[in-house]
Structure formats: structure tokens, C-alpha cells
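Just one chain follows, in the form predicted on its own, and it is written as C-alpha cells.
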Amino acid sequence: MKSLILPAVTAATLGLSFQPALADEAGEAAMAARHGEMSLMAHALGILGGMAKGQVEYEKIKAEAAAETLYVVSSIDQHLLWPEGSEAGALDGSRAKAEIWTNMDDFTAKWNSLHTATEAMKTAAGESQQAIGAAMGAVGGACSACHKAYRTPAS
């Protein structure tokens, strides 16, 4: 009987001791992935914003590529990227508010609003500098709505 108890206790102890580390790794990986998403969107928005403001010459191919990037990134299902325990204060580098997990339906709705706005941006990007400028308001508004509700201020 002793020969069965020791391995069971050892396995249980090891499992418990590794569990937090695995959870931390999953949270870190999810946070890195969502930071990657935000970096891709920021890059694309920089291109489109520069064109909209006339700071960068409008080039249809570049505008369409940037708009497509926004559209594709906003198409990614967010459920795997926001595990509980990956909020600000729990992980270094996270600015996610804990309210995300108590308001997941609203959070998802805001992400879906961004996707809708990026779909309109895809059309605008192929038209003109002025069309991009008009579409930027909806994209920026969707970003801002989510950030105001679910992102902590920069420190």
C-alpha cells in the first residue's frame, strides 16, 4: 500500500506545483499574441492615418493592404487571447482591466464593432484619401470605445 501512496502524493504535489507556472505561461503567451495584434493594427492605422492627413501620399495598393490587415486582425476570435488572470496587475505589461471578464459580451461586441468599421475601411482604402479620412472616424471610435472601457491608462 505504501508503494501506491508515495507516487500518488508525489504526482499530486508536482501537478499542483507546476499548475501556476503553466497558467502564467498561457497568460503570457496570450498577452504577447494580443500585443502583436495591437502592433499590427497600429502599423496599419499609421499608414492609413498618414494618408488621410495628407502626410503620406495616397497609394491605393498600400492603403488596401493596410485596410486588409485591419480587417483580418479584427476577424480573429478573441476568446483564446483573454484568459482570466492576464489582466493588469496579474501580468507585467498587461493593461487589460479585470472588467473584461465580467463584461465579456460587451467586450466582444466592441471587438465586433471594430470589425464592422474595418470592413468599411477596406472599401474606403480603394477609393481615395478623402474616403480613408471619412472611414477613420468609425475605426478610431471603435478602438477608443474598447480602450476606454477595458484598458488601464499608461503608466
Partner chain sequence: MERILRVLVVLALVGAAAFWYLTRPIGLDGESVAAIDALTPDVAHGETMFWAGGCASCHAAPGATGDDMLVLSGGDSLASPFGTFYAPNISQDPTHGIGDWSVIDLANALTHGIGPDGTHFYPAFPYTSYVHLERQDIVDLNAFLKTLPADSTPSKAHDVPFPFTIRRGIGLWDRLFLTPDWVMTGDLSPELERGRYLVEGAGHCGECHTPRNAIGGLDRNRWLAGAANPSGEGTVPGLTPDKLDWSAQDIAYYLETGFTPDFDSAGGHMANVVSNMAHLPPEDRAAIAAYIKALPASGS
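Positions refer to the first chain, counted from 1. From a predicted model like this one, the values you see are computed outputs, not experimental measurements.
Although it is not shown, the form predicted together with the partner chain is what the next lines describe.
Single option in Ala98, Ala109, Ala42, Ala29 placed near the partner chain in the predicted complex, where near means a heavy atom within 4.5 Å: If I apply the 4.5 Å criterion carefully, the residue I get is Ala42.
Location of the partner chain contact in the predicted complex, chosen stretch of 57-65, 84-92, 44-52, 29-37 [non-hydrogen atom, 4.5 Å]: Single hit among the candidates: 44-52.
Partner contact for Cys143 in the predicted complex: the partner chain, 4.5 angstroms, heavy atom: Contact check for Cys143: yes, within 4.5 Å of the partner chain in the predicted complex.
Ala131: touches the partner chain in the predicted complex, heavy atom cutoff 4.5 angstroms: Although the partner chain is absent here, Ala131 would stay clear of it in the predicted complex, with no heavy atoms inside 4.5 Å.
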